[in-house]
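Read the single chain below, which is given as structure tokens and is the form predicted alone.
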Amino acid sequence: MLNLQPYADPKYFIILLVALLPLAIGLYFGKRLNWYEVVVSVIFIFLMFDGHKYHEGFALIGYIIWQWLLVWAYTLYRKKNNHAMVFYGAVVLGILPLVLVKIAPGAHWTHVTSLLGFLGISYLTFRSVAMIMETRDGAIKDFNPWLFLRFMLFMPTISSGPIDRYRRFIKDITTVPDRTKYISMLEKAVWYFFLGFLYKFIISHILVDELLPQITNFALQDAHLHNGWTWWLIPYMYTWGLDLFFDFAGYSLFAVATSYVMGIELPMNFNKPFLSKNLKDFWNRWHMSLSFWFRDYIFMRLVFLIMKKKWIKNRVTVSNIAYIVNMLIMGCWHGLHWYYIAYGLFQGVGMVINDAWLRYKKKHNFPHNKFTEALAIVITFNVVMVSFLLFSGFLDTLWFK
């Protein structure tokens, strides 16, 4: 049976664009073909999880039912009560499937992975947990089961984001852009498709298929002779780090372009991250839907909780603790391996140092010109690449396997 993995090859795009053509025609003439959109989405999701991935399809169905019941129940509860422990319990239950899936490999729970794991569980969890938090805040007051399913199962983003917000998504899905705006969206979609092809199928292909295998072999051979250390780590670091960007940015561009064709203005995920002037600037440009999610739903809430409870009075100390906790959680989200945890700690400490440096610069009136900006970009780029080397897990292979 035909199995279609999102944005994996040119065949997928041909089938996708043919399937979306009636929807695009409808939007051009001012009508959103809701049922047609739903049918197309269901078919593509089915084809993504058919064949040898059928168990992931069943896991997805079970997961959606679980989250549907959880968000619905908490919304009903929130209309009358607002106890903190119930809210925390709902959040824990929301992230529980993801936590079990992340723990399963290290604990050798193969049955848990096969029962609960599926492509995209992380990104769906971010959406549902955000809804619970916004319901607690009062920003979301009602539960619409149909719109909830359309939000959670939005086809272009189901596997790897970008992570949208419920209220923003619902505003788009329940309206139709005027013709001028929709034509502009289609123009952007075409550009994003071509740019995505350049990133993912040309640049990333050269980096990961042509260069990286050779560099990896040289590094392993040289490290074997020099007790785990080799100068080949440097080209490996830059090649792997650049591939991480071009591969993921290409995928994200495809998702955004597809959503634009469907009349949904999905948020962008990358904004020239390698031109960042410091680490905080980098996280405002890199995987933005994820970093903004962690900022809004973990960092800011942790800072608010600590200040509200007056556990720590110094605002700088509170921010520093929140940075490290925030980034450690992000590292653990990627997986419970030492290099992901170390990556999270690296980024957290880096953010603390970054804030201290910015305060020091402001206090001592450091010069600001094109040279200092260029120097800041170069330093930030290299710090990021070192963190990506850690994140890649190659050091684990080089030193412990």
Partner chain sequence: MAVKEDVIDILNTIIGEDITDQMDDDFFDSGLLDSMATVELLLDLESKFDIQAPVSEFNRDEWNTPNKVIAKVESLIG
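Numbering follows the first chain given and starts at 1. Because the structure is a prediction, the values reported are computed rather than measured.
Another form, the form predicted together with its partner chain, is not on view; read the next lines as being about it.
Trainee: Using 4.5 Å between non-hydrogen atoms, is residue 285 touching its partner chain in the model of the complex?
Mentor: Heavy-atom contact with its partner chain at 4.5 Å: absent for residue 285.
Trainee: Given that the partner is absent here, does residue 362 sit within 4.5 Å of its partner chain in the model of the complex, heavy atoms only?
Mentor: The answer is yes: residue 362 has a heavy atom within 4.5 Å of its partner chain.
Trainee: Is there a non-hydrogen atom of residue 146 within 4.5 angstroms of a non-hydrogen atom of its partner chain in the model of the complex?
Mentor: No - in the model of the complex, heavy atoms of residue 146 and its partner chain never come within 4.5 Å of each other.
Trainee: Test of understanding: in the model of the complex, would residue 96 fall inside 4.5 Å of its partner chain by heavy atoms?
Mentor: No.
Trainee: Going by heavy atom distances of 4.5 angstroms or less, which of 226, 315, 181, 83 would be at the interface with its partner chain in the model of the complex?
Mentor: Flagged contact: 315.
Trainee: Taking 4.5 Å between heavy atoms as the contact cutoff, choose which of 234, 190, 76, 300 touches its partner chain in the model of the complex.
Mentor: For this set of options, the contacting one is 300.
Trainee: State yes only if every one of 206, 210 and 387 has a non-hydrogen atom within 4.5 Å of its partner chain in the model of the complex; otherwise state no.
Mentor: No: none of 206, 210 and 387 comes within 4.5 Å of its partner chain in the model of the complex.
Trainee: Which of these stretches, 317-325, 255-263, 67-75, 217-225, has heavy atoms within 4.5 Å of its partner chain in the model of the complex?
Mentor: Only one stretch passes the 4.5 Å heavy-atom test: 317-325.
Trainee: So which residues in 271-286, when you check its partner chain in the model of the complex, have a heavy atom no farther than 4.5 Å from it?
Mentor: If the 4.5 Å heavy-atom criterion is applied to its partner chain in the model of the complex, 271-286 yields only 280.
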